[in-house]
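So this first bit is one chain, no partners, the form predicted alone, shown in structure tokens.
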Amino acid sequence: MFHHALEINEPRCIGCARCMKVCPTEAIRIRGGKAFIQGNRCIDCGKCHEACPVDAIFIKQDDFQSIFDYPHSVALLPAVFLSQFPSDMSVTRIYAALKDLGFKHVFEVESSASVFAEAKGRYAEHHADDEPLISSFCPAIVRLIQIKYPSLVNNIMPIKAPLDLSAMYALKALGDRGIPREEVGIFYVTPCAAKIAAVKSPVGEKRSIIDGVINMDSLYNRVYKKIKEQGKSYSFQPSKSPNLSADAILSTLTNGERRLCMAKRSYAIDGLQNVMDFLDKLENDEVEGVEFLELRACDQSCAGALLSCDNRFLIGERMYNRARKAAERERNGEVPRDREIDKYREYLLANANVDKVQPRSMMTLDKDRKVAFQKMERINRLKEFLPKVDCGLCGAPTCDAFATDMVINRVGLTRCVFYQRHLQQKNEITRQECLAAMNAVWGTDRMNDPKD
């Protein structure tokens, strides 16, 4: 059973089907006039959330108050969080506000960027036969491949993502200070729904060491409000320099991984549709000679993530400005903060691998191969009765998806309005039967006469 961060508020849902039309894995159906998410197909990419005109699809998170359940609560921040704020709000000021809100420690996810890069390099040395190797950074991409491109799961590098490596680093560093594990709460500030799912149901591991997840937009509002309330004259004790290296800061943007890899031929592709277009070619053996792929579900990668509070290009600009200043400090001899992780590098590298990623194909019709073939034949026969216009009036996104639903979910062919007309012309179906079929999809309210 896979955890999903996306949930539908049924009373608010108007059944407009926009979410159904944009879902890349055809995970959404309309039933009784409401959207319904099929968990076995969902990758938590959030396209449905973006498309919903009434905010009926929301992203779950843990209660912020749970940070006070631990004497040593840790805010595990992605660099993109710090770039949500205006340039006049310094990193040290944001760190201070986080501690005023209740966090005892702050670690940035990108602290482990160099460890993640080295772990991938070591893996690549011994797995050239699996090329192109695909980064495990983006959990939405990992789940997309599991579900829609199961033949490519062996290409995914079974390595912990930076958020998990940084959580390990935080626990180890605090443990060396004498703080027991039970007193430490690791709270990841997530920029997207897919990473919530990755924490709650990690791929290749039984459970995550991260204790809670806080949505980035929610924490941004808390921090911004705190800073404004305190005013510019607020006095605070600057924490230890939070300056990361330029490479670490940029690692979550598009090309962030690719620029550090040693592959002769590699691609950095962002945007879910762009990724799927490329994977289609890869699965059909239309692309050869590629050694490494950095694939990200969001445009501009994490700068364009679902829970961002600002324009992705402005966020990216702030990250590049921060990286440029970090590079200048490094040239002047300053040692970036992520070098502190070197003390634990071998420990992290020794524990960086996870189990091989397993396919989770949405097209599995039956465990019995003979029965599965029979169902596939039936689906192909049913497609002959469908108009192939993908109108969505049956409550499924495409005619092909509707044919599969008929076999797996046992819905009736009479939900197709074109087939209804065919039966009506032959006097084989009544108006009341047509209405009942549509009521099952769109609910009774839409079928009532507006004058009644």
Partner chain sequence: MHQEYTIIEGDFVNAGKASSSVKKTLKQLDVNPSVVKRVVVALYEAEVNAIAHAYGGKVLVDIDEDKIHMVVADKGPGIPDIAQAMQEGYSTARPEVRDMGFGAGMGLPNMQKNVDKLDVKSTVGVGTTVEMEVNFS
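Just so we're clear, the structure is a prediction, and the values are computed from it rather than from any experiment. Positions refer to the first chain, counted from 1. C-alpha atoms forming the largest set that superposes within 1.5 Å between two forms make up the rigid core.
The protein also exists as the form predicted together with its partner chain; that form is not presented, and the subsequent description refers to it.
Comparing 368-376, 100-108, 86-94, 326-334 against its partner chain in the predicted bound form, the single stretch with non-hydrogen atoms within 4.5 angstroms of it is 368-376. Among residues of the shown chain, residue 280 is one whose heavy atoms approach its partner chain to within 4.5 Å in the predicted bound form. Its partner chain in the predicted bound form is not approached by residue 360, whose heavy atoms all lie more than 4.5 angstroms from it.
Taking the partner from elsewhere, residue 285 is found to have a heavy atom lying within 4.5 Å of its partner chain in the predicted bound form. In the predicted bound form, at least one heavy atom of residue 149 sits within 4.5 Å of a heavy atom of its partner chain.
Taking 255, 274, 221, 364 one by one, only a single residue has any non-hydrogen atom within 4.5 Å of its partner chain in the predicted bound form, and it is 364. Of the residues 311, 230, 380, 321, just one reaches its partner chain in the predicted bound form with a heavy atom at 4.5 Å or closer; this is 380. Using a 4.5 Å cut-off on any heavy atom, none of the residues of 115-146 reaches its partner chain in the predicted bound form.
Put the two forms on the same core and the Cα of residue 273 is off by less than 2 Å between this form and the one not shown. A movement of the C-alpha atom of residue 380 reaching 2 angstroms or beyond is seen between this form and the one not shown when the two forms are aligned on their rigid core.
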